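Okay, so here's just one chain, in structure tokens, the form predicted alone.
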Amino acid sequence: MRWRRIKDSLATRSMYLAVALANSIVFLVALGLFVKARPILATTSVVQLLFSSTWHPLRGQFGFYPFIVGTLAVTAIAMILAIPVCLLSAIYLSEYAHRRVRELVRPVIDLLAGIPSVIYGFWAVIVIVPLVRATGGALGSSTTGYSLLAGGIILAIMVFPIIISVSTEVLQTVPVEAREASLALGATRWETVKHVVVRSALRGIVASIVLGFSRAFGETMAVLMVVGNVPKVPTSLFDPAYPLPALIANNYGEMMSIPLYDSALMLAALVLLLVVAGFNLLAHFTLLRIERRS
């Protein structure tokens, strides 16, 4: 019995250590980025860096505002386009689709999740960019097609498989008895789905949206190829933009010859990390509030 207690204690401590190590990686990454970003923070205030629109590295001017706005805008467009389509698709696959339809659709969704982002980017250049250019021309807006809208559309397509897969699995975990009880009380099938199934699976659905947001916010290659990469604050959907991941990917190789360029790009990476972490914490607290109410 004593030997068993020792083994249980060792196993418990090992699991605690593994969890602590996994969670500490985020803090170590943030600490490393902060240390590398200290030189530029020592010469320029954080407020000026985050809210200045001037980006001239050769002159030592590093204003991240256009890049932050571009990142938030293209991610917001992607999520606005993706969330309704993904949730309705998940509800259909979970509650309405025949088993053969689900078996046919799931491998396709898994295939979409496995396609490299550069392939999405090439397809967007061939299909989405001309479509956006034609749409902008029809609406009287002069655009090359490389724009916020093009980036948002390709990002939405890229997060489809994540949100759909997770949401479908979560919806299917709702007990059949809950559906049958609602139907027995006279509720229609859609009312049962809306008020019972979706409500019971709300935590998992929010988690799937958070995963999709994290993928969209940090995506680099596909967005870099279609968003235009112009360091100016966009004023319409058809304007080009320059998200932070594209900034880092495009300029990391050139940073060594320019003073403070290394530090500026490390600060951009730190901002990306903090925004994603902040959104995940916000989603976590939102889930806690939902759980307490239910």
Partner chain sequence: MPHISLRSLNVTYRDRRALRDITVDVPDAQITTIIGPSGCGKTSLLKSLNRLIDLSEEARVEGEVLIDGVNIYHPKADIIALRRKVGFLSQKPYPLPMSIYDNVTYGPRMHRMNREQIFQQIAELEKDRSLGRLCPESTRLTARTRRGGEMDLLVECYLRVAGLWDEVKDRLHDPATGLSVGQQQRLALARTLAVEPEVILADEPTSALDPISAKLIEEEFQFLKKKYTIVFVTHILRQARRIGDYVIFLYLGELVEHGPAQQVFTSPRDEKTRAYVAGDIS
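Computed from a prediction, not measured in an experiment: that's the story for all the values here. Numbering follows the first chain given and starts at 1.
There is another form of the same protein, the form predicted in complex with the partner chain; it is not shown, and what comes next is about it.
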task: Using heavy atoms only and a 4.5 Å cut-off, determine which of Ala138, Ile80, Ile119, Val176 is in contact with the partner chain in the predicted bound form.
output: Val176
message: Can you work out which of Ser182, Ser165, Ser214, Thr220 has a heavy atom no more than 4.5 Å from the partner chain in the predicted bound form?
response: Ser182
task: Just one of 147-155, 128-136, 104-112, 193-201 has residues with a heavy atom within 4.5 Å of the partner chain in the predicted bound form, so point it out.
output: 193-201
task: Evaluate Thr188 for contact with the partner chain in the predicted bound form, applying a 4.5 angstroms cut-off between non-hydrogen atoms, and reply yes or no.
output: yes
- prompt: If you check in the predicted bound form, is Ala97 within 4.5 Å of the partner chain, heavy atoms only?
  reply: yes
